[in-house]
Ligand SMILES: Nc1ncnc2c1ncn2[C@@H]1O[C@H](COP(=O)(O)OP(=O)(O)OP(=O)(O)O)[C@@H](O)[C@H]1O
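In structure tokens, the next block holds one chain alone, the form predicted on its own.
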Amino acid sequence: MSILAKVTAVWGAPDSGKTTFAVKLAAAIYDNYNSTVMLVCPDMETPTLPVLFPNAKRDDLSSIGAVLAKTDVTKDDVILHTVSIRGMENFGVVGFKDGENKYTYPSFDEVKVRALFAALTDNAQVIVVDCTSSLSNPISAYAVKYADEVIRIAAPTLKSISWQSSQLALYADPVYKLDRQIQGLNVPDGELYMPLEEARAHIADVRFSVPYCRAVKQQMLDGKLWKSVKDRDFNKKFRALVEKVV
């Protein structure tokens, strides 16, 4: 299947499993649709690269901040600062490294972020953005505004319900297209009771739910989220979701 530069933003409540979901989504598209995929991790408060690659040396990881600090964002610079994964030739990750924060590099605006996404589009057929919950992050804000698809994630927890009720009102501007976002529920922890049906009563228009998978949680801890799991229920539901998004 051929996909032309489709951008999917994964956004939502803190601690709802956004990063795990975004990685699994990007990997599933790569595995099943023969596409060149780029995962973008813009978090500058808790940089994602050391979380996704806990066994990598800091010098082996490249920061997208170095690209954004330049006057011009080029396709070649993005490639140079993309983290690759062994055995996944057309799959790349861009993000920030351990120890970096919003003061590590010069600040950048939407114009620079637009140039970044133009370069990403030149490099990949599919771009998945693991957005921060706060859209004060300029990369996350741009992705939620202009992505072809926005998947909004919540967990069946009081924290997610509280975030939804307090924060979504801040993004009532039509540019964020809240009414077009796909609302999902993700169960990130199977060790605790999570009231799925009660959460549905408080979070409107839930379109899908992702079941808890112990193997996926272990992969997150091991830095192996790119790999498939043998949980049939999880795979069936996630594949159905990917088909809807793609």
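Being a predicted model, the structure only gives us computed values, none of them experimental. Quick note: we count residues from 1 along the sequence shown, nothing fancier.
Absent from the display: the form predicted together with this ligand. The rest refers to it.
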Please pick out the stretch from 206 to 214, 176 to 184, 33 to 41, 57 to 65 that is in contact with this ligand in the predicted bound form, where contact means heavy atoms within 4.5 Å. 206 to 214
When the contact criterion is heavy atoms within 4.5 Å, does P14 count as touching this ligand in the predicted bound form? yes
Against this ligand in the predicted bound form, would S133 count as a contact residue? Criterion: heavy atoms within 4.5 Å. yes
This ligand contact in the predicted bound form: A69, any heavy atom under 4.5 Å: no
State yes or no: in the predicted bound form, is some non-hydrogen atom of F234 no more than 4.5 angstroms from a non-hydrogen atom of this ligand? yes
